[in-house]
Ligand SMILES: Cc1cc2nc3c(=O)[nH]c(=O)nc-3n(C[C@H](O)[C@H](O)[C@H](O)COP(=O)(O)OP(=O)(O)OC[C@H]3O[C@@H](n4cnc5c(N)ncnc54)[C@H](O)[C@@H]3O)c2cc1C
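First, one chain by itself: the form predicted alone, in structure tokens.
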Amino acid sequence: MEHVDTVIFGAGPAGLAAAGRLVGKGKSVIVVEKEALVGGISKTLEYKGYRFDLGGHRFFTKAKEVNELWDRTLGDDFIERPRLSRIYYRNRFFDYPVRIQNVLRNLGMVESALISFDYLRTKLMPHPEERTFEQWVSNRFGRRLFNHFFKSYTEKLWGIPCSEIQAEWAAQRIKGLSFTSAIRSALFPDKTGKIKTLIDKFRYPKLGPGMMYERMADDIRKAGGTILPETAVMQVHHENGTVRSVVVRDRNGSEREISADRFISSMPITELVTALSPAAPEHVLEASRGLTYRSFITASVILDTERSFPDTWIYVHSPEVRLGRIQNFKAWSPYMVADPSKTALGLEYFCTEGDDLWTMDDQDLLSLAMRELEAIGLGKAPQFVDGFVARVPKAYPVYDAAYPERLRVVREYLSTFRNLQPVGRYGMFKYNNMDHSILTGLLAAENVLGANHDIWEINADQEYHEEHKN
């Protein structure tokens, strides 16, 4: 049986970060990746010379270690991009972050006044508890503004009512922002650094985020590490609280067993639990089965037009269409579009594996995407030149009402294995951002080297990643 110092499940941002740190310290490492491409949900797909980012990934962070890793890996292949994004709602486009003049113009003075009165009423009589997303947001923005700008998009994303989504997700994603701070920063830009806004520029790899992870993988191989693509984790053997080995299967169906001293897992935590041998106790398996993920589909299209819209991405809040978000890859990086006379868009649909969207024929999905793009005035069906569909399973861990207790049960059981560390969004069932996922991988590697970091604290009490001081 082959033996190495560390086996890592998954070659996404967290897994690659851990592998890179370990091989840099002379450790023998094997990374097992079930997909053909590295990068996980942050991979970049290439189609006829065009490159499509799955989801749109901005490179910015407050973590020094992550910035250093990015700089060391890509260097001059980063470009700086302006952040320009809007919300499509009620047949209009709203600036995001909010600008008071834009809101007044689009909603009108009467509705804007009603939003303000509703906000004041909420401050006088807030929800006594903030258990759900709906309660958390309403207490900070008012119920009326919640209904305008949060409810429809959030329910598209998660597929469940906002009253069933845990407040923890809101606290992670929009922490530090409020109605009053948004209005103050819109009316009176603060120069003292006291008012939080969203970043207005970010770095981006010239050829998309996959460029970063492909380069990281190359560096790992050059340093002596091994990456096994199109290879699935089948069984994780353990004994007396220690993981001993893993059985993996490649695309040809051949199996091999690899033993190691340490294991780092960025594969979905639910799949890790079911792969354990001997099997986990029934109450742990039951808790794991109750943890659910939301998936998404990208209808990637090439249009015969040089210019479409200036935004890097647009949130589609309108409930009249199923489309959730649009990525404009020429705005992300002109290097991603093979023909400058064309436009490449990623039209994103949130769904659940097995539902009608997930099982829809690719051509039907492309047709639906173009119809909805035309319906909101951002493209015309005759402009369609070519395209393809990409399905991304288990992209978002669902923070429903039962998730905290179920995750607690799973975490407590996995913590009994002294040489196993879950990392990343999938591995921790935690809505980490890309930089936070990388940080979990780096700190897990440091733990292998003798440190004692609590990885679960990452992105728990830190400032929101998109905030900065004016």
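Here the structure is a predicted model, which means the values were calculated and not measured. Start at 1 and count along the sequence shown; that's the residue number.
Below, we refer to the form predicted together with the ligand, which is not included among the displayed structures.
- Just one of A390, L291, A232, L74 comes within 4.5 Å of the ligand in the model of the complex, counting any heavy atom, and that one is A232.
- Taking a 4.5 Å heavy atom cutoff to the ligand in the model of the complex, the contact residue among E271, D219, D95, E111 is E271.
- Contact annotation: L443 falls outside 4.5 Å of the ligand in the model of the complex, judged by heavy atom distances.
- When the ligand is considered in the model of the complex, R51 lies well away from it, no heavy atom lying within 4.5 Å.
- In the model of the complex, the ligand sits within 4.5 Å of a heavy atom belonging to A11.
- With a 4.5 Å cutoff on heavy atoms, W169 does not count as touching the ligand in the model of the complex; it lies far away.
- The candidate spot formed by V32, G55 and R425 lies fully in contact with the ligand in the model of the complex, as each residue has a heavy atom within 4.5 Å of it.
- The chain is drawn here without the ligand; in the model of the complex, the stretch among 333-341, 78-86, 159-167, 260-268 whose residues come within 4.5 Å of it by any heavy atom is 260-268.
- Contact residues in stretch 275-310 (any heavy atom within 4.5 Å of the ligand, taken in the model of the complex) are limited to F296.
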